[in-house]
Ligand code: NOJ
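A lone chain, given as structure tokens: the form predicted on its own.
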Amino acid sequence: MSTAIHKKVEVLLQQMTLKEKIGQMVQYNASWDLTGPAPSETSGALPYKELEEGVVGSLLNAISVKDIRKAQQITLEHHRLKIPLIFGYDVIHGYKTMFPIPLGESASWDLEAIEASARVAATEAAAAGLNWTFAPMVDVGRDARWGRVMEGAGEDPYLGSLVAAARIRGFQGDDLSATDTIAACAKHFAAYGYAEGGREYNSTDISDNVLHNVVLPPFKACVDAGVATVMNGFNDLNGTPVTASSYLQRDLLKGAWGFEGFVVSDWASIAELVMHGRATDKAEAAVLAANAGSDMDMEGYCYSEHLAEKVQVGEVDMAKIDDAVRRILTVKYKLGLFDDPYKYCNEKREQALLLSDEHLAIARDVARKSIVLLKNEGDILPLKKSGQKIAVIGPLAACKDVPLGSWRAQAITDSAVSLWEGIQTLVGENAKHAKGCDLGIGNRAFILELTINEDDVSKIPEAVELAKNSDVVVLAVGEDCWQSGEARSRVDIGFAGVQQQLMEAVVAANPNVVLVLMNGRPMPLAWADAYIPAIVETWHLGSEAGNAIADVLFGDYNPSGKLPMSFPRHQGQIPLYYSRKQTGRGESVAPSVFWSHYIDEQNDALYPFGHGLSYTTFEYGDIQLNTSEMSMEGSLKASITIKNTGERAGKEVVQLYIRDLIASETRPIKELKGFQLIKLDAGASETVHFELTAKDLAFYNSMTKTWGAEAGKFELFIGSSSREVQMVGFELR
């Protein structure tokens, strides 16, 4: 915090009453037409009266310059101290221009592209008057049943940490007071991604080992990147709801890590302490959350209704209130809201920037980089633009809405470029379309329960006939975007409706099939892998989805994406991740059955973390180390030469993993510790260099409660995925 801002905050804080201070700790949903007449006292609309009284610190879901200007005006006209509001919104993967869902974007492994995506999202959101996004979500997700895996960066804490920092740089830029930046919010602190059974809002029970080595590193990376705010979550962690966890919020986040921003609850998560059985009522919930370090109450009405009384009777110390308000005011000063409360409210900028051609071009580029080529048997891809009759089949082939994804902010319904449109643009009449079947769900938006259509096969014969009369089939199947996201946990993560029947019928009619997947989570693809020669993972790619997919299918862009989550052979393998522990019976000892395995399926992933093919091929040389012995104070340098042995230029993500063979606590069989995205022309070579220090080999020891590296033997792996690697050994002394 700058000295100037600190002085201003302290002067203002000394002038504030207890009621005004607590008001800053309250966030309400914008629950009436902000630009219409003031609501009556009997309408129940919030927070008009509260705005007039100056007891609101923030609004969420006010989503236009017009609305935001009006709310800010009401506040400033009535507020004794003229403290401006901060306006928040869920800007997850774009505001008006939609980018790939975060899981898909993470498949690019391109930190510059990810930062550029967040930069555009921030530019558009700020142009609409917003100051704050509830992103990035940095929960490590290893259970594909959990719908919110679409909102994160996947299963690995190292990749997740780098992606989180890139998104924060994109949102916040170098200067929070600039009119094209917004405050970021790292969420959900902590361990929400480990909800039992992959069920949304569920409990989390994990070891200190997992908490510190897997869950917390992306959050620490966010703090190191200067994230302005942090959001806690709905889950309890090992018996303590995280909203009431002093250890997480005060001891770790604000204490050991030195976080200077403020903590906001998730929607009503403070009030939910009552349902958790941790608090008797909302008054006690307010005490628990405030004492634990939750600075702002989002839509919980605990602080607004009860906190003042609890301070007055001594159950919450005034110093903790001052600390919370100081943090909130500091962020508002950094955003420049005190200098000009309306600086983000410029309708001309709003009209000029939202969905601009420049932003759409960036969205197309990021979408192409997010596509993962899972399989390409017989080099069926790329397709030819002429001399080939192409059937475009599937419930998602012509869909213009699903590609926008879940958590779509202010995206215009049905505004995405469909796959069919993208293909038509490139090949015209050489392509024909048949839907084949419906996606298989009923009520789409804000669904309480999915209605699965399992028996309507009436459209399949038309698709089969088209497939028979075509040279190649592009078959687009997957998930509706509302089948993933918040509150969209699934026990069956396979294809809904009759999509599987459609796939089988089309493949029987014409085996030359390119399967185009549109989905928000890993899906079990064992049948498709066995019978379909080419599989392309496209996620929900956003506004330019169809153009980006067509660019890849026809070779105008050489795919370079790598999986950020492992794809299972069967959903019964979940949770599934590459960095598993080796057990005492971790390997088969033929012919014994007594080892850690399934009797009806393999242990490993169908497509592992880090997997992704290209239209060219890369040859890896031997790993070279500068030494086989590394000191605690020194470093280890590893190099490897990569050659493009194909006929076209391409990108490759060169991945480095390590394994600590013997340690005081068991360690994973592989851990990602570095990667480099390189581009090589056909026939070209490049030597890639990595450097490791003891810090890279360190882990959290749950017995000693300390971080550190331990002397001993290690293995170092470099390759094209977590499975396709070569290994050398070294020793740390």
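Because the structure is predicted, anything quoted here is derived from the model rather than measured. Don't overthink the numbering: it's just position in the shown sequence, from 1.
Same protein, other form: the form predicted together with 1-deoxynojirimycin (NOJ), not shown, and the subject of what follows.
Participant: Does residue 148 reach 1-deoxynojirimycin (NOJ) in the predicted bound form, with heavy atoms at most 4.5 Å apart?
Facilitator: Within the cut-off, so yes.
Participant: Residue 298 versus 1-deoxynojirimycin (NOJ), in the predicted bound form: is there a non-hydrogen atom within 4.5 Å?
Facilitator: Yes, residue 298 is a contact residue.
Participant: Check residue 267 for me: does it contact 1-deoxynojirimycin (NOJ) in the predicted bound form (non-hydrogen atoms, 4.5 angstroms)?
Facilitator: Judged by the heavy-atom cut-off of 4.5 Å, residue 267 is in contact with 1-deoxynojirimycin (NOJ) in the predicted bound form.
Participant: In the predicted bound form, does residue 90 have a heavy atom within 4.5 Å of 1-deoxynojirimycin (NOJ)?
Facilitator: Close contact exists here: in the predicted bound form, residue 90 approaches 1-deoxynojirimycin (NOJ) to within 4.5 Å, heavy atoms only.
Participant: Name the stretch, out of 181-189, 615-623, 369-377, 467-475, where some heavy atom lies within 4.5 Å of 1-deoxynojirimycin (NOJ) in the predicted bound form.
Facilitator: Partner-contacting stretch among the options: 181-189.
Participant: Only one of 65, 60, 692, 55 comes within 4.5 Å of 1-deoxynojirimycin (NOJ) in the predicted bound form by heavy atoms, so just point that one out.
Facilitator: Answer to the contact question: 60.
Participant: Among the candidate residues 134, 482, 158, 577, which is the single one with a non-hydrogen atom no more than 4.5 Å from 1-deoxynojirimycin (NOJ) in the predicted bound form?
Facilitator: Selected residue: 134.
Participant: Going by 1-deoxynojirimycin (NOJ) in the predicted bound form, which residues of 208-244 come within 4.5 Å of it through any heavy atom?
Facilitator: In sequence order, 231, 234 come within 4.5 Å of the partner.
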